[in-house]
Every structure is written in C-alpha cells, then in structure tokens.
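Next up: a single chain in structure tokens, the form predicted on its own.
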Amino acid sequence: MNNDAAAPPAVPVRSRWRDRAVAVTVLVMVWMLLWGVFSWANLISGLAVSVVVLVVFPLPPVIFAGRLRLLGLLHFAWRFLTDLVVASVQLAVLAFRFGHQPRSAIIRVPLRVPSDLVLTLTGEAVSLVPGSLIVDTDQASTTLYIHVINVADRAAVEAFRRNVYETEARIVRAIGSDAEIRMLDHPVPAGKGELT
C-alpha cells in the first residue's frame, strides 16, 4: 500500500517563511486596529502576541498565493479610512434621532474568491466599520453572515451587499494572485437578507 499518494505536497522552506511573515503581518495589523492607537508598545506587543499565537496554537497554513500590490494597498487603506469616518458620522446622527427605531438585518454574503485569507480579511474589514458585525462565517462556502444596523428596506440590504463585494475586491486587488483577481469578474452571487 502506497501512502505517498495521500500525503500533502511539500511546501518549500522559502514559501513557509513567506506565509509565516504574512500571517504575522496580518495579526499585527489586526492587533493595532483593535487597540486603535499606533504606538511602539502596541507594535512590539502585537509582534509578541502574533509569534506566541503561531507557535503555541499551530493552525493549518493559510497559503498566500498572491503578491502585495502597493497601489491596491493604498486604495484599500484610503477607502477603509473613508468608510470608518462616514459610518461613524452616520451612527452619530442615528443616535440623536430621538423616536426613530432603526431596523437591522442579518445579511448573507457569499464571497467570490474561495480563500480563507480573503474571507478573514474581508470579515475583519467589515466588522471594524461601525454599524456592522460578523455574526457567523461558513468556511466551506466562504460566506459571511453580517448583522447591519439601520437598513430600511431591501434596497439598503442590496447596497450593503455591494459594499461588502467592493471591500472583497479591494482586498484581492491589494494582495491577491492573478487567478483570484480574475475571479472578481464572476457575477455576484445572489444573497438573502432578513429584516428584523
């Protein structure tokens, strides 16, 4: 009986180090965003926590098949900061609308790119913008389930879904492979939002 057929292909040492460096970078970025303040102490503690997480809790490797694209990263960062400011202002206005009962929705958004890294980064980017929160994910179908506040009708649900797809596209164009970027040309999957 030959067991070699079932063994996963060996990952070159250079690729393993690159994947670990990408994982540490992403974890440090999430750490800094969660603290909300850039400081050397947060950067160093983020590096330490990232290394501990990757050493003590080894997970299956998230293969980074893409490459970093500077213009894509700058475009993503600019739009992310813009979305943060706009959403914060909208929530502040909503908080002072006395007597108004905002409607919320759980929105299902199946992503176009079947990548754990894209799923994670898109979920983080959406959750960090005020007014939306990831309540569940389906890794097998790379689907996000997002709670969104102040969606008045189906048109608002679809507008939010389009916004999530635009975020996914910006992330893929910043760090994705050529094959993943081509997947963005696929039609947007149909989704369902439940108004509550």
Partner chain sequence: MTADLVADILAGTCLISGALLSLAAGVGLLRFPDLLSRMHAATKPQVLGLLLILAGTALRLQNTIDITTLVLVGVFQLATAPVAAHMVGRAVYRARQVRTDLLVVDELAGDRAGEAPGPGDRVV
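We call the rigid core whatever largest set of C-alpha positions still superposes within 1.5 Å between the two forms. Positions refer to the first chain, counted from 1. Since the structure is predicted, the reported quantities are computational estimates derived from the model, not experimental observations.
Another form, the form predicted together with its partner chain, is not on view; read the next lines as being about it.
With a cut-off of 4.5 Å between heavy atoms, is R154 one of the residues that contacts its partner chain in the predicted complex? Yes, contact at 4.5 Å.
Give a yes or no for P114: in the predicted complex, does one of its heavy atoms lie within 4.5 Å of a heavy atom belonging to its partner chain? Contact check for P114: no, nothing within 4.5 Å of its partner chain in the predicted complex.
Answer for P130 alone: is it within 4.5 Å of its partner chain in the predicted complex, judged on heavy atom distances? It does: once its partner chain is placed as it appears in the predicted complex, P130 has a heavy atom within 4.5 Å of it.
Is there a heavy atom of G36 no more than 4.5 Å from a heavy atom of its partner chain in the predicted complex? Judged by the heavy-atom cut-off of 4.5 Å, G36 is in contact with its partner chain in the predicted complex.
With the distance limit set at 4.5 angstroms and only heavy atoms considered, check whether L94, I106 and E124 all reach its partner chain in the predicted complex. Yes, all three are in contact.
Heavy atoms, 4.5 Å, its partner chain in the predicted complex: which of 66-74, 141-149, 43-51, 167-175 makes the cut? Say which one. Only one stretch qualifies here: 141-149.
Which of the residues spanning 74-102 lie within 4.5 Å of its partner chain in the predicted complex, based on heavy atoms? Result: L84, V85, S88, L91, A92, L94, A95, F96, R97, F98, G99, H100, Q101, P102.
Cα of T143 displaced 2 Å or more between this form and the one not shown, core superposed? No, the C-alpha position differs by under 2 Å between this form and the one not shown.
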